[in-house]
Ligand code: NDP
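Here we start with a single chain on its own, the form predicted alone, put down as structure tokens.
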């Protein structure tokens, strides 16, 4: 069979774009299918627009808490419609840049919903008319359609927002209930609160950020409470009703909460249903597509990367998966993705960053007796003259038998910028002694990583 393309990429998110451009740079004839704006979750409705909102929230917080530095904050107001308009314009600009870069690599872009009709062929459907507008075929197909917000199966759920809806708002509400304790929920709680919205955050468990080191969770809970966010734990949302223009939430405890709006931020899931994969009988890994170390599914010519496989669902991970895929199959390289010591951040205010093993996980692997913890908590110099006295926390997890640093964790301003460099050190196999003999740069927050002693 003669195919129209060497590679079809389904989904123009970060991973799909990386794979398409890299494969095309090697001379492959590449097509990419996208039903929404080019750029995917990160650029259009995730990392980028959310981080722009974080900058707005940080700016307002600094303006209103810096009178000790002689900065008067009278007359400061926040107009959310301006922020939201500017965010959308920036997202459109970035999306257009991605489209231009695809043109430079001669990647053919098909606008519409891609659906499999055979293992080598897809039909492209117009999302408005639902009519088939094209059919294309390829030797290899890479699925990179990303995830979508999970929705709770409760009465009235359609009255609530998901994270995708936030970036389409005309203005911010006066009050909001945020359901969830993961990084998306915590980031939006911080954004809304610091920009003036009254926030209630509802979590099913005991603590925020269950998958992170417990000291980070504790620091965030202290900061969340200090910021005026009303945190309700060990409760679940049971139903939503509209009451006099507001939304009334009923909890499993029987309590009711009245707010202007509700944001459901209970996680994301692979967006596989529209692809019509059922007849291909691809092997699954729970809700994810099962792939081998080359990102190959159980069908030899179909591959998958990004948030639809059971690997860390992070933008840089998807980009590396896409590039490694293209290097291996279109340039005959023998590359693998390195999943060790991937840095992570939560852009709350202050922010959280982490790399390597948590204290709990390290003790599970190496036993409690072999793990030594170094930790410090202090008020950063930048808060000296501020009413806001939020703390910084830095933590190092060390294997006592080898002196190897297994994990580094940080809560505080610029922690994401700091942890990136720490990640390089961990990948190089750094020891605690290496930290100790490194000269500190004073006065900084990061110097605490090299001045912590038992």
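Keep in mind that what you see is a predicted model, and the values were worked out from it rather than measured. Numbering follows the first chain given and starts at 1.
In what follows, reference is made to the form predicted together with the named molecule, a form of this protein that is not presented.
Visitor: Heavy atom within 4.5 Å of the named molecule in the predicted bound form: which of 231, 152, 195, 117?
Guide: Filtering the options by heavy-atom distance leaves 152.
Visitor: Which residue, 353, 266, 358, 297, is the contact with the named molecule in the predicted bound form, using a 4.5 Å heavy atom cutoff?
Guide: Of the listed residues, the single hit is 266.
Visitor: I'd like to know whether residue 136 contacts the named molecule in the predicted bound form, with contact meaning heavy atoms within 4.5 angstroms.
Guide: Heavy-atom contact with the named molecule at 4.5 Å: absent for residue 136.
Visitor: Is residue 239 close to the named molecule in the predicted bound form, meaning a heavy atom pair under 4.5 Å apart or at it?
Guide: Heavy-atom contact with the named molecule at 4.5 Å: absent for residue 239.
Visitor: According to a 4.5 angstroms non-hydrogen atom cut-off, is residue 289 in contact with the named molecule in the predicted bound form?
Guide: Outside the cut-off, so no.
Visitor: Give a yes or no for residue 204: in the predicted bound form, does one of its heavy atoms lie within 4.5 Å of a heavy atom belonging to the named molecule?
Guide: Yes, residue 204 is a contact residue.
Visitor: Of the listed stretches (345-353, 74-82, 379-387, 219-227), which one has a non-hydrogen atom within 4.5 Å of the named molecule in the predicted bound form?
Guide: After filtering at 4.5 Å, what remains is 345-353.
Visitor: Check each residue of 394-425 against the named molecule in the predicted bound form and list those with a heavy atom within 4.5 Å, in sequence order.
Guide: Nothing in this stretch is in contact.
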